[in-house]
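Encoded as structure tokens, the following chain is the form predicted alone, with no partner shown.
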């Protein structure tokens, strides 16, 4: 099948060489992992272990409940104590900077050799080896390309993990980053035993009544500007408390805002301790990375995020002004 278009084939070869040489690895991804982060971490671990290598995996707080169905998720440690050095290399996947791993920075041994595998254009190239594909729809696609380059066969479990990585970070194949090679890759994963219906139900078909209530609160809080081209909503700890659920990352909420007819810039503002997390989804008329870079954030042209150390009211005003400036007249 046609290979995924690569902007950095040398980076891929360097990553493969590093993984072939090493015997013991630690794999880390960003805190509050989404399907791409966790699927890529687990898929890569499965591939390495198929080659007789030893792998430890950590994520700040452990695997989230909504992704616990992924093969191997129960093995992921949630604290730095789960790391058992020494390692030949630390593999950081789907994180634009080492700081994105948050509490798991303490799991990375001092002076460790870091292999950085990521698809965020804003990646800071923090590794000894950096393979960054800013046009890739997901890091899962990159792990698939790595397996092909190395000649390591997939099994059903690794295919499930990589399919979840791809299907979530492409917005179920709806985002502009989805390319012909993405669908061909998905077809190959299905041939390895992936059942799309089962995965879709596990991810999107298991909402509880309290979760629907928080969605209702988010819908009620939607505001618009620029004649409906900009729309946003907010989430606060009080809203989650009233709904009776724990605070979640919020990807579903910003996608919901983006689904409003005529919206070109969708934003979610989620209150965290002492700050506000901003998530942005855009059409081609606005660069989400440029918008979030105004606040020290980053991501992709159509999906990005930042942390604003402001009150909710200040953050809302600043985010809307930034969206208006980036959207233009």
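Note that the structure is predicted; figures quoted are calculated from it, not measured. The term rigid core refers to the maximal set of C-alpha atoms that superpose within 1.5 Å between the two forms. Numbering follows the first chain given and starts at 1.
Note that the form predicted together with a small molecule isn't included here; everything after this is about it.
For the chain shown alone, residue 53 is not a contact residue for the small molecule in the model of the complex, no non-hydrogen atom being within 4.5 angstroms. Among residues of the shown chain, residue 315 is not one whose heavy atoms approach the small molecule to within 4.5 Å in the model of the complex. The small molecule is not shown here, and in the model of the complex it never comes within 4.5 Å of any heavy atom of residue 33.
The small molecule is not shown here, and in the model of the complex it never comes within 4.5 Å of any heavy atom of residue 170. In short, of 42-50, 257-265, 58-66, 299-307 it is 299-307 that has heavy atoms within 4.5 Å of the small molecule in the model of the complex. Contact annotation: of the candidates 233, 177, 101, 96, the single residue with a non-hydrogen atom within 4.5 angstroms of the small molecule in the model of the complex is 96. Relative to the superposed core, residue 68 undergoes a C-alpha shift smaller than 2 Å between the shown form and the other one.
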